[in-house]
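Next up: a single chain in structure tokens, the form predicted on its own.
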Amino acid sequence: MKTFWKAAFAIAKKDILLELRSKEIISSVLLFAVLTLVIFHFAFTADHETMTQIAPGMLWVAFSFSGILSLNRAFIPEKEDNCMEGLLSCPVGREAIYMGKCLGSFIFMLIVEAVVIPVCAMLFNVDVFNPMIIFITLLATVGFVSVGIIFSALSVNTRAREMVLPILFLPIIVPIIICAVSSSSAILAGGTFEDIKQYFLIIVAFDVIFFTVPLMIFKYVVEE
């Protein structure tokens, strides 16, 4: 187990260091996410009550599409530099590779959310800093990244990978996005945990499924 986590952290660290040097993913993803919210800001002129209802939806539009941009690049460096074979030949289980990619993408998503949430609060004047909303967002992000990595590995060898990933990924992740948006809207409307309990349980259930199943099948996905 110690070797597993050591390998996973090493892969995540490698991805993060590569991104810090090139800044290809994070700069484009952040620009896209912030620009999405700015467009929504000029498109909607509603009262505060209406904004509390639609702000979570706009927030998750920014998260979802910027997240897809990030996931599209998860395996591209290995593919372009012919390093995938070297990564797979490392003396560690394929599950450690999956976990490392998940950790790296999760950190990228956290950076995006750390920037986008304050921008959303400023543009739409809604209290998205609520601890319950932050918690729901983190839970939903876990499921988002877990299933996104497996589809990124599937689509990396296709010609139109930029199109294949959203087509495969979005229908699967819709339940988590709906629950995250619905629960955030309920919290902004003054709801309690009891009001969002069903959404919370659905997100947890999908997180468990989306993490466990890809972890088990990843070794078959990356086989030649």
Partner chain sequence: MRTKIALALGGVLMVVALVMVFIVVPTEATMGNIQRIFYFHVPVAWNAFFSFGVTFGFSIAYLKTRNPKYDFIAESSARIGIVFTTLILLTGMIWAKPIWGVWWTWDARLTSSFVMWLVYIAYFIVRSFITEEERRYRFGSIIGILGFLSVPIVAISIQLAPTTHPKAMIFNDGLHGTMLATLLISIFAMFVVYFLFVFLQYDNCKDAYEIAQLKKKLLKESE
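Residue numbers count along the first chain shown, from 1. Bear in mind that the values here come from a model prediction, so they are computed numbers and not experimental data.
Beyond the structure shown, there is the form predicted together with the partner chain, which is absent from this document and is the topic of what follows.
The partner chain in the predicted bound form is approached by residue 171, whose closest heavy atom lies within 4.5 angstroms of it. When contacts are judged by a 4.5 Å heavy atom cut-off, residue 29 does not count as touching the partner chain in the predicted bound form.
Within this chain, residue 175 lines the site of the partner chain in the predicted bound form, having a heavy atom no more than 4.5 Å away. The partner chain in the predicted bound form comes within 4.5 Å of no heavy atom belonging to residue 69. None of 164, 58, 34, 188 but one reaches within 4.5 angstroms of the partner chain in the predicted bound form through a heavy atom, and that residue is 164.
A heavy atom within 4.5 Å of the partner chain in the predicted bound form is found for exactly one of 154, 110, 134, 121: 154. Contact with the partner chain, judged by heavy atoms within 4.5 Å in the predicted bound form, is confined among 48 to 56, 195 to 203, 35 to 43, 61 to 69 to 195 to 203. Along 195 to 221, residues 198, 199, 202, 205, 206, 209, 210, 213, 214, 217, 220, 221 each place a heavy atom within 4.5 Å of the partner chain in the predicted bound form.
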